[in-house]
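So this first bit is one chain, no partners, the form predicted on its own, shown in structure tokens.
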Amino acid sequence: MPNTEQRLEEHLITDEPFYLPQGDEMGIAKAAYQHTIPLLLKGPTGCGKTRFIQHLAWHLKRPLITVSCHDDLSTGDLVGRFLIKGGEAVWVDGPLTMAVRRGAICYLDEVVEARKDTTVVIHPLADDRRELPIEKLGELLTAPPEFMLVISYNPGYQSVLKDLKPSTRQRFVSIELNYPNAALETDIVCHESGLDQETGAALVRLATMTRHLKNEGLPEGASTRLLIHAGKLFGSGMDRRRACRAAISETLTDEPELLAAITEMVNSIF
């Protein structure tokens, strides 16, 4: 057996991650897992996609192996490669191979950012074959029932060149996540940052205002994640306007006009 170099237990989530459902996403995900159907998560940055899959892995009691995709990610990075150790060529499984061998959940975050040849390797895993060919070993792995493939991407800012092909998309069950409604988002921000409800609600109002700037040239409004960051800065005693500038305004844009607009929003709330 090739050396996976990591024990399965290292990827088990033992403590329940905090997650408040937006709808029926958990029911869809559990049904997909039961029928060995891969899962596609769509949604804007910082809306809770990663937290959702962490909660799913905890609920299913399966290890979670997460890969943050980028434009240099190759098939070899996912499947594995030979490395020289002690003067010998030793095969080391990549995260996708490790997940297939061990019956884990493999989560490819922002999969469209990976190189085009990378998505090809997941095709036989994401249909009825559930197979992973390892050409360098001359091995063909069949995924056990416990294995689940999950991919995610943000359709809001992807170009046509970085969109998923229909041949890839139609292998998956899809769940669209968005920013929660105001009441739910306030509860999340307060729980994660320790803020009181009134202050948490104020941050959510600010986020809603910034999200309306998408038509004015802002690629993304303030995410739930940024609100939590701001709330934690509040909790450290930082001036609220300064905290919002550091955690929200300056993070969202460098454009002077948009910065001025967001600063005006912050000043109107805090």
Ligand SMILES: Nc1ncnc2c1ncn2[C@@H]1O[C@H](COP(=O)(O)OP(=O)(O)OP(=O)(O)O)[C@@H](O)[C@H]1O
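Start at 1 and count along the sequence shown; that's the residue number. Note that this is a predicted model, so its numbers are computed, not measured.
There is also a form predicted together with the named molecule; it is not shown, and the following applies to it.
Checking 209, 60, 40, 47 for any heavy atom within 4.5 Å of the named molecule in the model of the complex turns up a single hit: 47.
Between the options 79, 188, 106, 112, the residue in contact with the named molecule in the model of the complex by a heavy atom within 4.5 angstroms is 188. Using a 4.5 Å cut-off to the named molecule in the model of the complex, not one of 33, 129 and 149 places a heavy atom inside that distance.
The closest heavy atom approach of residue 260 to the named molecule in the model of the complex falls outside 4.5 Å. Proximity of residue 213 to the named molecule in the model of the complex: non-hydrogen atoms within 4.5 Å are absent; the residue sits far from the partner. Contact annotation for residue 12: none of its heavy atoms lies within 4.5 Å of the named molecule in the model of the complex.
The named molecule in the model of the complex is approached by residue 20, whose closest heavy atom lies within 4.5 angstroms of it.
Only one segment in the set 95-103, 188-196, 82-90, 119-127 has residues whose heavy atoms sit within 4.5 Å of the named molecule in the model of the complex; it is 188-196.
Along 232-270, not one residue places a heavy atom within 4.5 Å of the named molecule in the model of the complex.
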